[in-house]
Structures are given as structure tokens and as C-alpha cells.
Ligand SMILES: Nc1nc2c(c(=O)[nH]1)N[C@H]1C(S)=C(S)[C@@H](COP(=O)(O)O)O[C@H]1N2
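Let's start with one chain on its own, the form predicted alone, as C-alpha cells.
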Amino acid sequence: MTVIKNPFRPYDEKQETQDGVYSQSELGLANRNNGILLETLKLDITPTGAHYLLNHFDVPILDADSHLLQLTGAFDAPRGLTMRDIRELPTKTMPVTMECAGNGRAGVSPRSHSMPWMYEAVGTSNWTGTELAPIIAAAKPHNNVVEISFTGADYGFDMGEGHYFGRSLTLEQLAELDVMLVYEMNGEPLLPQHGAPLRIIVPGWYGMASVKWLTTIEALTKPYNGFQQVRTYQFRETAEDPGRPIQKIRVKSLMVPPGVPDWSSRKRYVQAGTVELVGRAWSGGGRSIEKVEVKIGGEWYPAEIKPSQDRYAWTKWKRSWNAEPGEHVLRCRATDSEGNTQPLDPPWDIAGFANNSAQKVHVFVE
């Protein structure tokens, strides 16, 4: 595709925002992308159709029978792999909780003009494929290789710059992470919107690292400078800040909103009496959840947690609540094995990335 220099000016300029008020373009992004149904947090595995979705550009419709993954660049043994070649490699299935780095952006003030996520950009799936490390090793990277880049078939413009979506990992990160080359989600072939026929999964990192519609793996002797690696997905406090890379998921928890909802506000109605509060907690980098607390009536109470048997999958928690008449704001917060605890207020980032502040659920009790 021919690269055109910013044909969209002035339409690509970031718009000023007002808390709680969303532009037509933000509503358009929300219509193309979906979040989890919070009631499905009761399930260990998110139904495929309910798993969150964030696609930057159009969804490529690729033919699995003719799809070819190219290993190129500074390899001694570069090669192309068909889907049949990949399916003949040793198979692995792993449950992984994935979260969008923009999850919670709508709760950061002032917020960035972008996909207006609040809580729902998360999900857990059983991903099936093969381990990536042996494939990289078989291609024999040169001794001076410093990073491996991953490029998808999706092309578009962001901030006026046309590019294929791509990300990279260093050799050290590849050695540390259990990265998978994936072709199935919850026992079925990947759906087009989830990267069919082939993608990578980087467990414990925010979702932008798990490149979809994978076409090229390239061995690089210099750091990758792709748009989605250096121009975005960086923690920045100001527009001039060079930034810090966004990588491991911050500790976080969510509860299933109890009772029944109001149609538009999603505030809850609950009858008085004993109510079981249920939710999930997770953290990145394989860190386990050590504690979950629930705030009821101004006090924090410990929840019962069921430790996950899977390193990269979320943990279930529950707590009984004696719901008394009145208006309540329920909250939950988690602490992981490295002592990281969710903050009550959103951490600041100019783009609203990685907001892991404690959830609020407004409840009216009869």
C-alpha cells in the first residue's frame, strides 16, 4: 500500500474533552469495539462473543488456506510458515486474562479523546496454538539481534501517519514471557475480529502487545521504531514527555454489579437482606492475587479468594453483604504478590492508560 502523508488533516487532531460528554467520533469507536458484560465475570472463561474487542483499523479478512507467516530479517534460517506448518507444531492451550491498556480511560480527568472505556475492556479466554520461542530459535537469530518485531495485516492512519499495526519484544523479554502463536480461541478457530487466522498472545501484558492478523516476524539489529511502539502506548505526563513503555498489567479487580440495573445509568436496585458479591481480580507478569477487599459503608472488609491454578488467568473472589435500606457505593480493590494495591483515585497519564483505580458500583437498597 502506498503511504500517503496525512490526508486526514484536520480530522485527525485530538479534540478537547468534557468529562461525561462524548463526541460523535468517540461514539463511533464505541460502536466498533465492545467491552465485556460485567455479569459474565461469574464465569472462569469469558464467552468468545463477550470478550472485549479493540481494533485500531479495519478488520482484515484473510484466507487461512493461503496465509503465510514470514520470518525475515537478521535470521540465519528465514522461512515462511503456512497454517498447516504451524498446526503441525506442538500444541499448547493456556487461559490468559487480557486487558486493554486504555481500560478505565473515561475515569481519568481530564480524559484523552479516544475509545471511552470505563471498566469493561477485559476478558479471559483459552488460547490454543504453539510456543513462539522454539520457532524463533529454529530461525537462528544473528548474534547482533536485539529485538523481534511482529506486524499484522491491519493498515490505517493514526495522528496522520499511515502504518501496519506492529509491536516488538526484546530477546530478553521473549525469554521471560510465555509468548504463544495462536490460532484458536476457546476451542474454535479465531474469529476475524480477534485476529484470524493467526496472532500472538503475550500473557501478563496489556493487549496491544498481542498483535493480530500476524503476517511478519522480523529479527532486528536496532530497536523497533514502529508507530504503535514509540508514538503511543507510552506513559506520558505531558505532550513533551518522551514516555515510559506500557507493558505489564497493573493489579485490578471488578465485581459483578449486584441486583438489577436502571436501563441507561446502570445504577443498581437490590432488595434488603443477604447479597453475595462476586468478582474477579488479576495482575500482570504472572503475579498472583493475595488479597481482595470490598468497601461497604465506609469500611473495607476482606473477601474470600479462590486462588487461580493458572499463572496468567484471573482469580475469583466473593463476599457476603447484609444490604440495608438506603443508597450505597460499593468498591473493591486487590493486592498482588508483589504488594501492589489498587489506588482509590486514577493514576495520571495524559492518554488515560492503565487506570486501575478501584471500581465504584452505585446501589439502591429497598
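Not measured: the values here are computed from a predicted model. Throughout, we count residues from 1 along the sequence that is shown.
Separately, the form predicted in complex with this ligand exists; it is not shown, and the next lines address it.
Between this ligand and the residues 67, 331, 319, 56, the one pair within 4.5 Å by heavy atoms in the predicted complex involves 56.
Distance criterion of 4.5 Å from any heavy atom to this ligand in the predicted complex singles out 152 from the list 129, 279, 152, 104.
None of the heavy atoms of residue 197 is located within 4.5 Å of this ligand in the predicted complex. Residue contact check for residue 165: one or more of its heavy atoms lie within 4.5 Å of this ligand in the predicted complex. Residue contact with this ligand in the predicted complex: residue 100 places a heavy atom within 4.5 Å of it. Contact check for residue 116: every heavy atom lies farther than 4.5 Å from this ligand in the predicted complex. Partner proximity in the predicted complex, defined as non-hydrogen atoms within 4.5 angstroms of this ligand, places exactly one of 336-344, 44-52, 323-331, 297-305 at the interface: 44-52. Taking this ligand as positioned in the predicted complex, the residues of 193-223 that bring a heavy atom within 4.5 Å of it are, in sequence order, 193, 194, 199, 207, 208, 210, 211, 212, 213.
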